[in-house]
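Okay, so here's just one chain, in structure tokens, the form predicted alone.
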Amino acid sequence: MDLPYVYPDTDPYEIDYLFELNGFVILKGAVSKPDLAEMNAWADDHWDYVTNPGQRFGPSSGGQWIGNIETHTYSGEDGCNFQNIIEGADVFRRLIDHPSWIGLVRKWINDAANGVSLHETLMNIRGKGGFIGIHCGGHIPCTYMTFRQANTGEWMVGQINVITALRDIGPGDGPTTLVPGSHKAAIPHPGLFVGDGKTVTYRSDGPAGKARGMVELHAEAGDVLMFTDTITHGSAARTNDGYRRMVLYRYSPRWVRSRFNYQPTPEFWERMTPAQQAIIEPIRPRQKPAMAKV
């Protein structure tokens, strides 16, 4: 099938149409080569955490810490996640409100009504055999999987995933796969039924790969894939040697808490712009004024 690649000069209405229809768009060449080089250099500098994982389990049972970044895996097969990657090299901070996508994020989440926050930020590095199983779909009654575009033109999307390919991702590289339009599905994907054929799991045990309706989304380094988390997705198993590298930022309305509740360090807070601070902490704590000394 022809995939909806979106170029910088694509008509804004067409971008909205493709996103509403299919649940995803791809921004070609959205991230510059210098930014890619800075992110890949950070990965190279921390490669021991990929090849010698040690306690790489993350928030539920304690991963390794690199400053305020935590190593993590969801299932083992998905590879090494560097959670809270925004506190890595400065390029990761700049991605918080990157001009290539932040305007679309604000429009589709409906910043004026809902605000915008970052639910999760990570760098994922996945080796041969790694994959993500089938998960999500319009049938799941979860707040951050809301997707609505009213006839008035007002959007309300509960979560938008923004994936940046740090290196080319082609056939055999374990690309992201998804079922176009499945964000509107009222029933689960066939691959989510287990056992007696009636029980539905949140995520399948095997690769999403060639499952019914799935398409592979190949990308060149610097391309950005944007999709609603509601869409049924996963990834194919990597069969090539080497590692897939990508960065994932998940944006949600301010009402959705951050996934692992990382608190920004004071040093990182000072480096952020006010606009970035408003995304990282969209609801500032409110305390009563200190009592005046008598």
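Note that residue numbering follows the sequence shown and begins at 1. The model shown is predicted, which means the values in this text are computed figures rather than measured ones.
The same protein has a further form, the form predicted in complex with a small molecule, not shown here; the description that follows concerns it.
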{"query": "Option touching the small molecule, based on a heavy atom within 4.5 Å in the predicted bound form, out of Y262, F227, Y243, W42", "finding": "F227"}
{"query": "H119: touches the small molecule in the predicted bound form, heavy atom cutoff 4.5 angstroms", "finding": "no"}
{"query": "is_contact(H72, the small molecule) in the predicted bound form, heavy atom dist at most 4.5 Å", "finding": "no"}
{"query": "Heavy atom of H135 within 4.5 Å of the small molecule in the predicted bound form", "finding": "yes"}
{"query": "4.5 Å heavy atom contact, H189 to the small molecule in the predicted bound form", "finding": "no"}
{"query": "Partner-proximal stretch of 64-72, 42-50, 265-273, 234-242 relative to the small molecule in the predicted bound form, 4.5 angstroms, heavy atom", "finding": "234-242"}
